[in-house]
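Shown next as structure tokens: one chain only, the form predicted on its own.
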């Protein structure tokens, strides 16, 4: 039923019910950019924390989410895990923004769908191809060799927006995204899938790799999104680990 309502909202916009299109589209964009859009979300993440409208909009950042232009006409999402736009949006809305799935069955869903539709006009193929983002089902420890200078660049492009400066947190999001050392301390005794004893350097490396690759989906990283190998390569990750003090 919820998918039907979402499809109806998209269909109304696409099939000529246009008298509310501009206001709805504008409201949808405002919701997507507003870190206070979800009542249960402390001022923190918005849709645009992880997504750009177009890839060219954020050339100096590594964003974990796919660009939104063309998304309303893509045949699949989350690397083929779902064929439904509503389900793809719901994953983000519930997991990262801490919203209620039912929000997407009413005015909020209508506004977001109108905005996404406006980014995917009929006849345009820009951004409509499936976006390949690969998350390995299991992680392994990586070669400890890395370049800290290169790791600093990875941190600046992929991590600093949420976590701020690597040692001080200066500039991090208002919700207080944790520093690496805070994360390590919080999970020092966790039973993560590792052959290394808790508290050892190898254990912390695997924990950090797990967080980067799988984000919150295995319960190790709060609300952190996963970073696919196409965005942060194993080489990048090795450099990042060294920069974070996890050689």
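Positions refer to the first chain, counted from 1. From a predicted model like this one, the values you see are computed outputs, not experimental measurements.
Keep in mind that the form predicted together with a small molecule is not shown, yet the notes after this line are about it.
Touches the small molecule in the model of the complex: residue 24 (any heavy atom, 4.5 Å): Residue 24: no contact with the small molecule in the model of the complex.
Any non-hydrogen atom of residue 182 within 4.5 angstroms of the small molecule in the model of the complex: Looking in the model of the complex, residue contacts with the small molecule include residue 182, since a heavy atom lies within 4.5 Å.
Contact label in the model of the complex: residue 74 to the small molecule, heavy atom within 4.5 Å: It does: once the small molecule is placed as it appears in the model of the complex, residue 74 has a heavy atom within 4.5 Å of it.
4.5 Å heavy atom contact, residue 50 to the small molecule in the model of the complex: Answer yes; at least one heavy atom of residue 50 falls within 4.5 Å of the small molecule in the model of the complex.
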